[in-house]
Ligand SMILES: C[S@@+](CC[C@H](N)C(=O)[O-])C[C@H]1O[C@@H](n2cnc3c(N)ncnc32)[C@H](O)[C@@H]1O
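Next up is one chain by itself, shown in structure tokens, the form predicted on its own.
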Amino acid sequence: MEYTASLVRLKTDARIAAMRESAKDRRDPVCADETLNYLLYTVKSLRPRRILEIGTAEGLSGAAMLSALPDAVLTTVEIDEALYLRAKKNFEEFGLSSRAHCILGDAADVLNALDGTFDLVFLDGPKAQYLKYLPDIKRLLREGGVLFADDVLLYGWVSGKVPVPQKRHSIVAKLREYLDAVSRDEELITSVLDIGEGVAVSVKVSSK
């Protein structure tokens, strides 16, 4: 039987799954089911205690990670105030508020002000800014930690499978620069996977 994304069965709380479907119907930002499944696979394998998320959206990916790991805490950053408020409400409804630290602001400014280290960074914010965030993400990521970046192939445009619309050349160029940077970085081991809209999973192997 030929594999298709429609065969994916999301392995998360039924309430989260239902809210994700509602968000899709509204065309609100939400990662693909197969992407979330692979993120949860990563979470279960790595068992991070401290997670940093860039791009909270409605908090559903964050809620899924926290639900999978009862001992984990999440710091999550969102620039859109309406989404930030919706996420805070969702974390509260799921009983996760005490483990979800929501920050409203530009990730470029927030990351620069953060300290300590994180075991997992889920990067799902503004795609054109991925490369800009990378130095601070590396600083905040512990050795052996994982950087999980979503949407890096973006509708097949980045890989060249699908022609790039004229208005999207800039963001595609930025994503290609990001993939080149994490692939060449001597402190990271990176795999780019054709899951959802593409994920780049990088493991930090050394601290320089």
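In this text, residue numbers run from 1 along the sequence as written. It should be emphasised that the depicted structure is a prediction, and the values quoted were computed from it without experimental measurement.
Missing here is the form predicted in complex with the ligand; even so, the following discussion is about that form.
Student: The ligand isn't shown here, but in the model of the complex, which of 67 to 75, 112 to 120, 127 to 135, 92 to 100 has heavy atoms within 4.5 Å of it?
Tutor: Selected stretch: 127 to 135.
Student: Within 4.5 Å of the ligand in the model of the complex, heavy atoms considered, which of 172, 140, 182, 30?
Tutor: Going through each option in turn, the one that passes is 30.
Student: Is residue 60 one of the residues lying within 4.5 Å of the ligand in the model of the complex, judged by heavy atom distances?
Tutor: Residue-level check for residue 60: yes, a contact with the ligand.
Student: Since only the chain is shown here, I'm wondering whether residue 83 would be in contact with the ligand in the model of the complex (any heavy atom pair within 4.5 Å).
Tutor: Contact with the ligand, yes.
Student: Are any of the heavy atoms in residue 55 no more than 4.5 Å from a heavy atom of the ligand in the model of the complex?
Tutor: Yes, contact at 4.5 Å.
Student: Quick check on residue 79: any heavy atom within 4.5 Å of the ligand in the model of the complex?
Tutor: Close contact exists here: in the model of the complex, residue 79 approaches the ligand to within 4.5 Å, heavy atoms only.
Student: Within 166 to 190, which residues come within 4.5 Å of the ligand in the model of the complex, counting heavy atoms only?
Tutor: Not one residue comes within 4.5 Å of the partner.
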